[in-house]
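Read the single chain below, which is given as structure tokens and is the form predicted alone.
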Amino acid sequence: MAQTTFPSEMKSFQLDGASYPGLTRMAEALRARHRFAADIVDRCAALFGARWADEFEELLNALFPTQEAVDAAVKGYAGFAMHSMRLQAAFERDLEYRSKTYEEAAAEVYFNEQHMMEEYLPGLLLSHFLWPHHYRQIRFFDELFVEAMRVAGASSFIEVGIGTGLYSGLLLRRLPHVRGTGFDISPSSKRFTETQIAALGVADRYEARLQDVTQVPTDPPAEWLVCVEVLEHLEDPVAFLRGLRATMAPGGKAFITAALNAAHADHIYLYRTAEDVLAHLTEAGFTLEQSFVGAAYKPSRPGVPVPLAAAFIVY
């Protein structure tokens, strides 16, 4: 599977502080306190242009409207990114993730409220705009899956593993007549998502639930399902995928992603290639419609694995 690129990506866009005060505050906080990411905002702006800046600015102004809030989010991102880089360096050496059970990962991350609210969730949210492969995945989602929902006149969706709530929020803003339900096992993810959805002004069309849908299927079945970067967090992704398949209505469509070669504290199943993920999707009963693969950066030398984002539209 080849990496997808987007011809509309721009190379000469520069941020204007008057037009983008939220992005300017974040860029200044990174330059002042987190030198390893001092120019990351400018680099992304130059790469992705006004569309990226407009989307990110809207989110920042809704969620982090003050300098204090921006500083806290940036601090969380810095901790999240530095931890990821240390683990990635170990992965490049060992070519394996650190051995960890799902229960251990859940206790360390998903049920650790302070870690989730102060580092993991704000860091993950900002990474979707500051890491090129994450943002390109959002573009793929928006331009193909969300557009398909719009054309089909979709009225509802579910998201399994809401994380930060970013994808649910995007759907609700793009499709003003759609209603959504989000499922997660983490109380912190539920709370963070509810805060974001309310800040974006779309809370009247969304409900977040603490529920494992593979154990208690949704009712009614989902015609449109979203599941972003959950598979690598599991010991048995195929069993989970079969559970997802069982929640879907006949003819339903799903957007499912996985992180490849990406070491994080809660990544326990190592996908090395997009074909590995597709094999699991096929084994669970899904049929591929379209796919995307994006790399985080160029490898430092031949043979060194780099983090990849792999996304699949399946039915």
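Being a predicted model, the structure only gives us computed values, none of them experimental. From 1 onward, residues are counted along the sequence shown.
The next section is about a form of this same protein that is not shown, the form predicted in complex with a small molecule.
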- Can you check 143-151, 172-180, 84-92, 186-194 and let me know which stretch has heavy atoms within 4.5 Å of the small molecule in the predicted complex? 186-194
- Any chance His34, Val74 and Leu130 all have a heavy atom within 4.5 Å of the small molecule in the predicted complex? no
- Using a 4.5 Å cut on heavy atoms, which of Val202, Val230, Ala78, Ala208 is close to the small molecule in the predicted complex? Val230
- Item | Interface membership of Tyr120, the small molecule in the predicted complex, 4.5 Å heavy atom rule | yes
- Message: Although the partner isn't part of this model, could you tell me whether Glu235 comes within 4.5 Å of the small molecule in the predicted complex, counting any heavy atom of the residue?
- Response: no
- Message: Although the partner isn't part of this model, could you tell me whether Leu124 comes within 4.5 Å of the small molecule in the predicted complex, counting any heavy atom of the residue?
- Response: yes
- Query: Using heavy atoms and a 4.5 Å limit, would one call Gly161 a contact residue for the small molecule in the predicted complex?
  - Reply: yes
